[in-house]
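There is one chain below, alone, in structure tokens, taken in the form predicted alone.
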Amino acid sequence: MAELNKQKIADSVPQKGFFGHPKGLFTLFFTEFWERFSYYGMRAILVYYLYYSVSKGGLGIDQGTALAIASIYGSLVYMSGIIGGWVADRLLGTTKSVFIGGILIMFGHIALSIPGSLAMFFVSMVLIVLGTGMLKPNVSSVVGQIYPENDNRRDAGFSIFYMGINSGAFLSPLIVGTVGMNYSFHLGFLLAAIGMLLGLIVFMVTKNKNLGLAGSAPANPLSREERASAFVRIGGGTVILAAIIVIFVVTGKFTIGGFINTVAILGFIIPALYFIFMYFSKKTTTVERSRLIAYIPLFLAAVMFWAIQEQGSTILASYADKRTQLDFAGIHISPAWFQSLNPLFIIVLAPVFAWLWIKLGKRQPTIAQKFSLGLLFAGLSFLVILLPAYFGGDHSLVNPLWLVLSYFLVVIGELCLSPVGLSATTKLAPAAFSAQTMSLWFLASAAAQALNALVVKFYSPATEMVYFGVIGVASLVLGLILFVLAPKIQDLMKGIR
């Protein structure tokens, strides 16, 4: 990789061919489309599979525990991006990592499709967690590589890429959710596996022609000596971890509650250590250190935002199932369908935002200001959902349009924050840690869902006004603080906009 630089990589990619963007965007768009179809199809029915009774095809877990497990599942999925980013940067390169990740994800969904027990669920959990860690941050990192460094199309390209993500996420709750809720959870999980298989086919058939040198080699490869040492450390660590798990299981000391708390703590410790490691690395320049400092408040803002947004598949999924009037306008609504609202609104609005940022050009809000807008809309989405309980009490069924409005508001915030955050991460990343910094971006989601695993236990119909109110106000306050600090953050970015 030493002889490759960002410009040479971009020059190897056909620069016109997909809505005026590099041809590689086609490959990455549809790979991520099918990967998100599989993941969000699984997520659409996961929490119901966990807490529905065995007689209804579920595992019969207590609802509060099921919500926490679903949050921890999401946290581990994004936390594993550390592994995927390191493997891509030091061993395989991003494109090989994407392919291996897709294989693991597919087999994880196949494991879920086999009628079994909680043990089979944990097998699938390991496969999907590791697979998503290999694929998710690396496919996004390749998007950044196919553009020249100062290409004004980059933010718009990430918005188009983000629309591909959400197209898959929109269809999957309607298809997988309907099959899973009406026929069989396991058949729904099988459809998710088929979706990932289609994504792998698209990637392998088109990558050589469309991606050029993007992702073809590690950004910071291990030397022969470092490689041998790394394999020894990784192998030894894996054996020790496996031994600890076996001891806890055999002695009966392993508990789901303890597991949830452990992962929640790691969700905050790991990104902190990551920042420290990259900041003090000799491979990080003075300018890159300044940009990492600027990245910290953006990271914290992202944690707050995703803590709200990710509850769409846990708290709001339960709210749709237990608190919402599902017979509406002459049709019966499946509770899983509500999870299509978020990607549906993004599909509709993402082109508008892509056009808006290009239209505004240098007059558009700074990265930090866009993040602050994201937090303001996220807070409003939770404040809106507490109104039905205020007007109708905590026992009456709620008009589904309240949920629709809540999802709409959080999507406005997501379009201000998420594609901008992806783009900013590729710009602010130290050169030696490009894929790993993208992993750090996804650690914001890991930390958010780790936080959710601790707070969802405080939710109940009786406490929902306080629950939604406290979290919503906290997001508004943090958004205002970030807006005030935006000029200072911009200075620390050293020319990046």
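For every residue, the number given is its place in the sequence shown, counted from 1. Quick caveat, the model's predicted, so the values are computed rather than measured.
Beyond the structure shown, there is the form predicted in complex with aspartic acid (ASP), which is absent from this document and is the topic of what follows.
- Against aspartic acid (ASP) in the model of the complex, the set 40, 309 and 346 is in full contact: each member has a heavy atom within 4.5 Å.
- Remark: of stretches 292-300, 159-167, 375-383, 319-327, the one touching aspartic acid (ASP) in the model of the complex is 159-167 (heavy atom within 4.5 Å).
- Although the partner is absent from this view, residue 334 stays clear of aspartic acid (ASP) in the model of the complex, with no non-hydrogen atom inside 4.5 angstroms.
- Within 4.5 Å of some heavy atom of aspartic acid (ASP) in the model of the complex lies at least one heavy atom of residue 342.
- With a 4.5 Å cutoff on heavy atoms, residue 414 counts as touching aspartic acid (ASP) in the model of the complex.
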